[in-house]
Every structure is written in structure tokens, then in C-alpha cells.
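First comes one chain, alone, set out as C-alpha cells in the form predicted alone.
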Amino acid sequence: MSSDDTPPPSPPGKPILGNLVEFSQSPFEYCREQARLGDIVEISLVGQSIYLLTEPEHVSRVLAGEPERFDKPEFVQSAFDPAIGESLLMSSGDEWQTQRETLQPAFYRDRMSEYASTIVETTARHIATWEVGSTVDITESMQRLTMRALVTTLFGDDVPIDQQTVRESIDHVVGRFGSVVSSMIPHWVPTPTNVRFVRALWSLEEVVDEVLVYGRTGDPDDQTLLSLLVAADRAERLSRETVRDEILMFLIEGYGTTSLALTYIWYELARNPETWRRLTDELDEVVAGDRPTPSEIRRLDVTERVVTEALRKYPPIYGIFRETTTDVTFGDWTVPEGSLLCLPQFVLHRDERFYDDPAAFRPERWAGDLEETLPEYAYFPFGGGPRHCIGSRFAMLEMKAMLATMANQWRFDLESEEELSLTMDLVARPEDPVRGTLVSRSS
């Protein structure tokens, strides 16, 4: 509250339900509309107040300036604890620091060229099965590709994973995380969602155990993520439970976000022929053969702008939640201790204060000095502060390499070019399948 005890602006709501009905009908659009009320807006969902923070300076304070005053909310911790409660995503303090230092070498810059070659080779094998005129569920295809590349680059070429089983299990696990209501119900309560969740978690844990057996037989000097985790386990820097949770975290987080970003990229490229022309002109100029080399990938500026713009318009991680550990004053308002904050990328990334025509897909907006002039947290698809995504550089490389390899040979004609309706799952995903017909660039 402010000094005169006036609460932050809040939309009118119904008794008990608050703003739940309007929010449920179109959560992304509803939050964008309410953000116009001010930099801090209080939304009520069945008695739970959520404060939307849409001023980049406030977001910076939460993520980078004073992170000790903001913790992960209890409902987030209880939801994730059964699956990845010991992972880097959920840990804190000295434990988090040890985990970060253990995992960081897998994402050093000098590892990127090796990863790029592996990703391109994996992508080439994936598209070798594509046929002209075939109709493809683009999201499902990108999921298969992303899982294959993730496993190969971070765990090893021959790691024993049934990738279909892993993808299906992750979908069930995410199904529980994706619903605020489901995530607030203890996982041991036998709701249909929880039953699927527990069975899927058992399946994933069996897979991870097999991966760890494989990892212990590998080269101890290897710098893959798996070898680093096995070495930390042997040296007792990390517990066996922590190592298992780290692997699960990378499977869950890395698989869903990248495949969705690629889906949105293909969707927008099909709807924007001029952007497609710029992209393919660059590929024709820079890439000498069918498959881009690591040095060529680094020179693909238009390709990188396409990825950057997709992450702006469709950030897969659409919001970051924190809980205040003390009373905190933002501008004219003091938010009480124990309040739930939402830092909504999906609002800030489409804010007219920072972007001209924010609803349009315009990669060329990043060709000038926009990135230098933007407030720091007007664009933050990978989070920020000390807890920013450890795999952000890898994710950008992965998307550029995959897109360049695919678009050098193929494009999609969409079944429908209507504006996408998104659902607020663990990640922002299309409500309906995004399908397209394969067209060869050589035809």
C-alpha cells in the first residue's frame, strides 16, 4: 500500500472468485489490459492476490538488485519439489552456488562450436525423413528434434534413452505444473492429473538412473553435462538426488521451451514472406552447402534476429513468480511481506512504451540500436540476475543452428494463418496444433 494506505490499482472482481472468470477466458490478453492501470496492478484469483510488475526498473530490483528480498513462492516450490526439488532451478544459497559452478563448464563459450556441429548433424538426420507435400504437426516435429539434440549434446551420442517415452512422460509432468489449481493440490492426492504425474515421474526416474549408469562408464575427463554431474556425484559435491533432479530439470526445461520457440518461428515465417526472403537470402549468401558450419552460424545475423523476435513476441517462459520476504516499496506502493509477484515477460515484451507495433513480427527491429536503448528488463526471455538461465547461450545457438539447417532446404505452408490462441501452461503453448505442408526450397 501507499503511504496513505490506498491499495495499488485493481480491476473490479466478483465475490470470492475475484478476477478468476475474466482471467480464465483469456489470461494473456486480460493481464495485458490490466497492466494499463499502472506499473503495479493487483489481480485477485479466488482470494489470492497477484501483483503484476510491469516497470522494468521494478523487475530489475526483484531479479538482480535485491534478490534476497524475493523468494520462490511456496506453491511453486511444493509443485516442483517431487520432480526437481533438488535442482539448480529450485535450490538457493551455498547449495545453489555449488550446483551453478558444477554445471557452468558445460556451457562455456568454447564448447559451443562442438555443440553446433552436433546440433546441425542431428537436425539433418531429422529432416531427412521429410517428404514434399506431407502435412506436419510442427510442434510435435520440433519436440522430437529438440529432444534428440538435447540428449545427444548434453548427455552423449549413445545414451540409452527411449525418447518417445521421455517426451510423453514430460508432457504428463508438465500437465500438473501447468495448472495453478493442480499444482496447489499435494501430489499424493489421487486426482487424475496427479496419478498421471506420479506414473510419469517414476518413468522419468528410471530413465535417469539408466543415464547415470551410462555416464559412469564414460570418459571422466569429458565435459558433457552428464560427465560433470557424474564427477560431482563421485566427489560428493552433489548428492545422488541432486544429480538426478538436475538431469530431469534439463530434460523438462530444455525440451519444451526450444521446441515451442521453433514452432512460433515457423508460424511467423510462413505468415511473413518478406521476413522469409531476408532469411533465405542470408542463408544463400553465408551457407556454402546444405549444412551450416559453426563459423557460418556465427555470421547469421538475420537468423539470430528472427529468433530474438520470436522470443519477444512469444516468450515460452511467460512470467516469473516471486514472493516478498519483507514489505517492499515500489514507487508509490508498498507491497506487504508474503505477497505474490508476477514479472510478466508476455506483457513487457509487447509493451508500446518500448516497441513500435509490438503485436507485429518484425525481426528487423533488432537491426539497429534497439537492444542498446531498451531498458534492461523490457526484454528478458531467459530471466535475469544471478539466477538467469544457465543454458541461454546454448538455447540461442541451438535455435539458430536448427533453423538454418531446416530453412536452407524446407519451408512450411500453414493450414491456418489465423492468430494463435495461447494457453498458460508451464510454458506458453498454442491451444490448437500448428500444422503445415512441407515445401522444398529446391522446387
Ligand code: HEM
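Note that the coordinates shown come from a computational prediction; the quantities given were computed from them, not determined experimentally. Note that residue numbering begins at 1 and tracks the sequence as displayed.
Just so it is clear, the following notes concern the form predicted in complex with protoporphyrin IX containing FE (HEM), a form of the same protein that is not shown.
*Asks:* Which of these residues, T257, T122, S169, T224, gets a heavy atom within 4.5 Å of protoporphyrin IX containing FE (HEM) in the predicted complex?
*Replies:* None of the others qualify; the residue that does is T257.
*Asks:* Pick from V302, C342, M249, L228: which has a non-hydrogen atom within 4.5 Å of protoporphyrin IX containing FE (HEM) in the predicted complex?
*Replies:* The residue in contact is M249.
*Asks:* Give a yes or no on whether each residue among C31, F330 and F346 has a heavy atom within 4.5 Å of protoporphyrin IX containing FE (HEM) in the predicted complex.
*Replies:* Zero of three within 4.5 Å in the predicted complex.
*Asks:* At 4.5 Å between heavy atoms, is A395 in contact with protoporphyrin IX containing FE (HEM) in the predicted complex?
*Replies:* A395: yes, in contact with protoporphyrin IX containing FE (HEM) in the predicted complex.
*Asks:* With the partner left out of view, is R100 within 4.5 angstroms of protoporphyrin IX containing FE (HEM) in the predicted complex by any non-hydrogen atom?
*Replies:* R100: yes, in contact with protoporphyrin IX containing FE (HEM) in the predicted complex.
*Asks:* Are any of the heavy atoms in E253 no more than 4.5 Å from a heavy atom of protoporphyrin IX containing FE (HEM) in the predicted complex?
*Replies:* Contact with protoporphyrin IX containing FE (HEM), yes.
*Asks:* Though only this chain appears here, would R36 touch protoporphyrin IX containing FE (HEM) in the predicted complex if you measure heavy atom gaps against 4.5 Å?
*Replies:* Heavy-atom contact with protoporphyrin IX containing FE (HEM) at 4.5 Å: absent for R36.
*Asks:* Work out which of the listed stretches, 23-31, 37-45, 410-418, 386-394, brings a heavy atom within 4.5 angstroms of protoporphyrin IX containing FE (HEM) in the predicted complex.
*Replies:* That would be 386-394.
*Asks:* Can you tell me which residues in 311-347 come within 4.5 angstroms of protoporphyrin IX containing FE (HEM) in the predicted complex, by heavy atoms?
*Replies:* Stretch hits, in order: L311, P316, I317, I320, R322, Q345.
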